[in-house]
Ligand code: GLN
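The chain below stands alone and is given as structure tokens, in the form predicted alone.
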């Protein structure tokens, strides 16, 4: 069977409602049959075994039920790198790259920054910061035992040297001071939780729900951690749609200056930052 035929067969068996089913078929074929881009380009011959085909059938069935493609693959790309993911951990998203870019830009000319990632999840933020800034000392805090497994696995996969701490980010664990604190906290409102896309319902609620108005963690994390920032230190949050002004106000009310909102490539405010006095 040619690679092109295999991919087309997968595509045809995926629900027509999936706008990106061709690319999903490509991802499945690459993962299950160890295909590279060159294999697909050259349209190589494939001889699938029974186990592979049975797994493929299971994947297609689960995907058509809304199960996340990323969980099927067991990995997803973030900032040009592969991150391990699965049930119990939030899937890395491209908009979070804006948060990483913002932090990297601020610390571009600051040597050996000491950075803290709260509600770290898969570790995509912490690991990326550590890899992009090899002189940085990066610590990641995550409460969920399931997510911590992926956080540690991703740190090991990339040999990033992140200090992983399993505990509640709402409870400071030391009097250490940080140059930068970054977080992509749970920020969905109750209304948003009631209308989740099917795929998102498979992700851990504790990584999504930010209480009734979605702002609970921004208020608590800002109040708790602001005094753990060095003078001139940055607090950087990813925010949900239409939350930019509210989070910016929270930072101002807590004594932060130079509060800034940064949009993603679609013009949606995605990051709010403030500088500690």
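Residue numbers count along the first chain shown, from 1. Everything quoted here is computed from the prediction, not taken from an experiment.
Keep in mind that the form predicted in complex with glutamine (GLN) is not shown, yet the notes after this line are about it.
**Student:** Under a 4.5 Å heavy atom criterion, is residue 78 part of the interface with glutamine (GLN) in the predicted complex?
**Tutor:** Taking the distances in the predicted complex, the answer for residue 78 is no, it never comes within 4.5 Å of glutamine (GLN).
**Student:** Within 4.5 Å, heavy atoms only: does residue 85 come near glutamine (GLN) in the predicted complex?
**Tutor:** Although glutamine (GLN) is absent here, residue 85 would stay clear of it in the predicted complex, with no heavy atoms inside 4.5 Å.
**Student:** Quick one: is residue 184 in contact with glutamine (GLN) in the predicted complex, heavy atoms, 4.5 Å cut-off?
**Tutor:** Contact check for residue 184: yes, within 4.5 Å of glutamine (GLN) in the predicted complex.
**Student:** Residue-level contact is defined here as any heavy atom of the residue lying within 4.5 Å of glutamine (GLN) in the predicted complex; does residue 93 satisfy this criterion?
**Tutor:** Heavy-atom contact with glutamine (GLN) at 4.5 Å: present for residue 93.
**Student:** Within 4.5 angstroms, counting heavy atoms, which one of the listed stretches 151 to 159, 187 to 195, 67 to 75, 123 to 131 is next to glutamine (GLN) in the predicted complex?
**Tutor:** Selected range: 187 to 195.
**Student:** Which one of 221, 26, 60, 208 is close to glutamine (GLN) in the predicted complex, taking close to mean a heavy atom within 4.5 Å?
**Tutor:** Exactly one listed residue reaches within 4.5 Å, namely 208.
**Student:** Work out which of 200, 143, 164, 104 lies within 4.5 Å of glutamine (GLN) in the predicted complex, going by heavy atoms.
**Tutor:** None of the other options qualify; the answer is 200.
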